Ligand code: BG6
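The data below hold one chain only, encoded as structure tokens and taken in the form predicted on its own.
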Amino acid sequence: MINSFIFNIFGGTGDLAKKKLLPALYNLYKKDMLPENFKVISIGRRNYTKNQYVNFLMEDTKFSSRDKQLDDFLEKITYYEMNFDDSSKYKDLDVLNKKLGEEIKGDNRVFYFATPPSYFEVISNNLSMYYKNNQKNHQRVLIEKPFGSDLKSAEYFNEQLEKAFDKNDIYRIDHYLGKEMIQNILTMRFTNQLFRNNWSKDSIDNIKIAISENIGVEERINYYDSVGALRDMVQNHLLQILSFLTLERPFEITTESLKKEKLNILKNLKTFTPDSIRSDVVFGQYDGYPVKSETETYVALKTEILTDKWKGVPIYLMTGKHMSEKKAEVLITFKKDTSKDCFFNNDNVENNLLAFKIQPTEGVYLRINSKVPGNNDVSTVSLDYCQTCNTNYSSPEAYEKLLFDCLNRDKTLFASWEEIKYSWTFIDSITKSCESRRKALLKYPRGVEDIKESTKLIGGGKWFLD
């Protein structure tokens, strides 16, 4: 890790900075995982004094308990007011960085774009001249999703970004990759012979990846109405999880090796046509959506990976707002054994099932078949490991892992431009084929467990474990 840094947060008065980024930095600080010499510049448009900004941060429960350690951390934060469109303010920001750099004896800078995507270009263009003048030191640029609104806009912004910064200094963040159970997918797959040799179309019947939320768009309406569930969740979180689930075992767990294998999955996703949209995609919008529009708050779809290893295995993705509960899970359903055997009655043999429980509970669930005591009938039994049930366990926030990795120049859990490119190719095949379909959004009541058309898509059953 670098021995000093200045962490610049554009969007310092937003929810992301207040509820995720600064608490993550504070947790790393408490765990002694940061160098002593660092500063934070929180950049926002509100007219705050330092004390007013601290009071703003203290509204969040993650900062509610004041003690010396928290006070020491808050002392490292400087609030800087600026309009992101005002080019003259970037020179002053550069001067502030240099001043703080003298205090900590280093001028390594991190720039985090925690703003709406509409500001990404103007911020990067204005920073570029000061970045180029400071290349003797370490620079990092962290970009939040969504990276564009379609392939064309993503390509344009990537071009602008790589004009302003060296591509090796750009970190495109997807916070789901920082979650413990997402990282555990690779460990479970490649360290257990039980799964390693049965992870293909020969053994797996279908895959479901589902993320539901029990809240609506709330204060994000201006942003959300321009993107919808497909762009907000599927293009990044769900496709990244899918690539972890299905990639070939890399030669080594390095950035380049993982990127190569993830790209092979994303390149080979089956895209959509107007005909397949009608049968394989469900769009919904919850009752009481704040504005009149055709923006979906729910989407479920069926696709497959067109490689020799996976072709023919249905892959189902779903995400929705104002559902019955906040939950994220991956369900792997294995093929049922249909062979006849005189030793046992296989009428009750069920599919083996493996689940990765991502949130709110972290854990792994495995369903297998077992003999009923006293006869040769078969019933199911489950092995259920709850990671968060351990009273001594405290799962690190996803942003802690990703910010720490960024400071260590480890890009393993960050999405590459090529991954984003092929993700948008997949999403564009839906959006370009479904304009008429979207006009007939299925309305669903708040708090619903599922939408019947979505249940039909997966052939009955449920998206989540009971």
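Small disclaimer: the values here were computed from a predicted structure and weren't measured. When you see a residue number, it is the position in the sequence shown, counting from 1.
Below, we turn to the form predicted in complex with the named molecule, even though it does not appear here.
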property: The single option of Y298, F356, F244, Y176 touching the named molecule in the model of the complex, heavy atom within 4.5 Å; result: Y176
property: Contact assignment for the named molecule in the model of the complex, among E213, E304, D150, D280, heavy atom within 4.5 Å; result: E213
property: Residues K145, Y223 and D232 all lining the named molecule in the model of the complex, heavy atom within 4.5 Å; result: yes
property: Interface segment, criterion being heavy atoms within 4.5 Å of the named molecule in the model of the complex, picked from 330 to 338, 213 to 221, 69 to 77, 372 to 380; result: 213 to 221
property: Proximity of K326 to the named molecule in the model of the complex, heavy atoms at 4.5 Å; result: yes
property: Non-hydrogen atom contact K321 with the named molecule in the model of the complex at 4.5 angstroms; result: yes
property: Any non-hydrogen atom of H237 within 4.5 angstroms of the named molecule in the model of the complex; result: yes
